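Only one chain is given next, in structure tokens, and it is the form predicted on its own.
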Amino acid sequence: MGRSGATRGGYLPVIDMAIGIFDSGLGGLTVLDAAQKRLPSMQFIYLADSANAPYGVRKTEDIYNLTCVAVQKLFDLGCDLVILACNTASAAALRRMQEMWVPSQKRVLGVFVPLIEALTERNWGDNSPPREVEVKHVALFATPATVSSRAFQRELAFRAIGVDVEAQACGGVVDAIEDGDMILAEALVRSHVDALTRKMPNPQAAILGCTHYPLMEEIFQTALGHEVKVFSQGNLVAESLADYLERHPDIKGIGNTAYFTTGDPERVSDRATQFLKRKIQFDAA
């Protein structure tokens, strides 16, 4: 796995040519899992800032500072490319990081772009003026911080016109998922869907704007009705990453994945194993 050091006492192994995937908690595992399946030869490092999760109820400045600290850890581990597999961090921190903080030889990407490409059926490199798209009424389910940032609506407006977006802040869902209380998570999802459909009775599409939410995708779909197209981010981000790597063939890997958390490794490992239905072992970051 390249150069390495102790994983305790403030030192982390340094892993050559890996792609970093960051989330405040375990939701980003849905992105990582899809990326591993799509790109089995790549090397990944997953970092969960479990000690400070959830980000969705934090102030913007706090989210920005925490995200920079986490991404720097991934840079120090040898990642030249980091994906913010956290919609809250993508919404509240990414643009500022790219403009003011990210070193010129590094790349930090978010999870909104592949989603908007799929929704608008338009490549992000297409810089023609915004145009009308088929989907006119979109339900956005996200954390309170993502909703208040209006980042999704802002990025969508660069590509499409005439799209009505109704956003629902889904308080409590991330906490319930992180705690492993899926019964509570399901009840909260149904409640939030009900609240949104009172404001937008007939959405054509729904955006699961948090990487935790794909774990509840079937519940969202059932509550919304099967005529609503639900967009989830894991596979979309994985395909976008595959396209990026085709254009950057210098990024290579050996198929390994390392997992780190700022929280309790044993507890986080247990939760991750429960989520992905396979053994996941986290080390302390």
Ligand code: DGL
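Residue positions are given as counts along the sequence shown, with the first one as 1. Note that this is a predicted model, so its numbers are computed, not measured.
Keep in mind that the form predicted in complex with ligand DGL is missing from the display, and what follows is about it.
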Q: Choose one stretch from 79 to 87, 127 to 135, 94 to 102, 156 to 164: the one whose residues place a heavy atom within 4.5 angstroms of ligand DGL in the predicted bound form.
A: 79 to 87
(Q) So in the predicted bound form, is ligand DGL close enough to residue 220 to count as touching (4.5 Å, heavy atoms)? (A) no
Q.
Considering non-hydrogen atoms and a 4.5 Å limit, does ligand DGL approach residue 260 in the predicted bound form?
A. no
Q) Looking at the partner-bound form in the predicted bound form, is residue 54 within 4.5 Å of ligand DGL by any heavy atom? A) yes
Q. Is residue 210 close enough to touch ligand DGL in the predicted bound form, meaning at least one heavy atom pair within 4.5 Å?
A. yes
Q | Contact assignment for ligand DGL in the predicted bound form, among 151, 196, 174, 71, heavy atom within 4.5 Å | A | 174
